[in-house]
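Just one chain is shown here, as structure tokens, and it is the form predicted alone.
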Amino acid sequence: MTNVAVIYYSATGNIAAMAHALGEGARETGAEVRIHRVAENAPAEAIDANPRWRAFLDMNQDDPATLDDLAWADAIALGSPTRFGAAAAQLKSFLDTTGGLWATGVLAGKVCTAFTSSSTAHGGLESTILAINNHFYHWGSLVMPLGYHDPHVMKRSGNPYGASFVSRSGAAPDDEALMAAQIQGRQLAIVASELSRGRDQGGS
């Protein structure tokens, strides 16, 4: 069975919804999936100033992400809202703790992908995914883009880097964005499974 870890940061729930859609796609292949949110490190006064942020934090039931989730996984999906064209500090803080796994080669060869959301059409969707991908390069992982091979991505959601959503006026992810995330999760699990099968057949 392929193990898929979906690790994300979400302030108001948009990335959380995409994370669960991606996990649903992976489960469709028979993969075992963990969906975990990284720890919140923003000051309470900042959270309380945004009712949607506070409400999501209070109601979210996903377990906190740990380094064990990354070690356990054959495939990893990382999600974050854009923050000035890069990942949110909360996800970055978690990724900054992966040095031990990197040093021992635990993350090498895993299949990885990224997804994001922004409040504006040109708010850094692609650059955020590319910034997240930088971690995969250093880990020695295999980067899996969403690509254009699926008709839904080509004709509807339109981002080959990874599933993304433009949340105008705080809108929740629409069906097109959630479908793209589901496709990405299914593809991630399939690629990881095929890679594992190839390694087994090769005896390595």
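All residue numbers are counted from 1 along the displayed sequence. In this text the structure is predicted, and so the values were computed from the model without any measurement.
One more form of this protein should be noted, the form predicted together with a small molecule, which is absent from this view; the next part is about it.
In the model of the complex, T120 approaches the small molecule with a heavy atom inside 4.5 Å. Interface membership of G109, defined by any non-hydrogen atom within 4.5 Å of the small molecule in the model of the complex, is ruled out. T12 belongs to the set of residues with a heavy atom inside 4.5 Å of the small molecule in the model of the complex. The closest non-hydrogen atom of Q90 lies beyond 4.5 Å of the small molecule in the model of the complex. The stretch that touches the small molecule in the model of the complex, counting heavy atoms within 4.5 Å, is 81-89, out of 99-107, 81-89, 129-137, 67-75.
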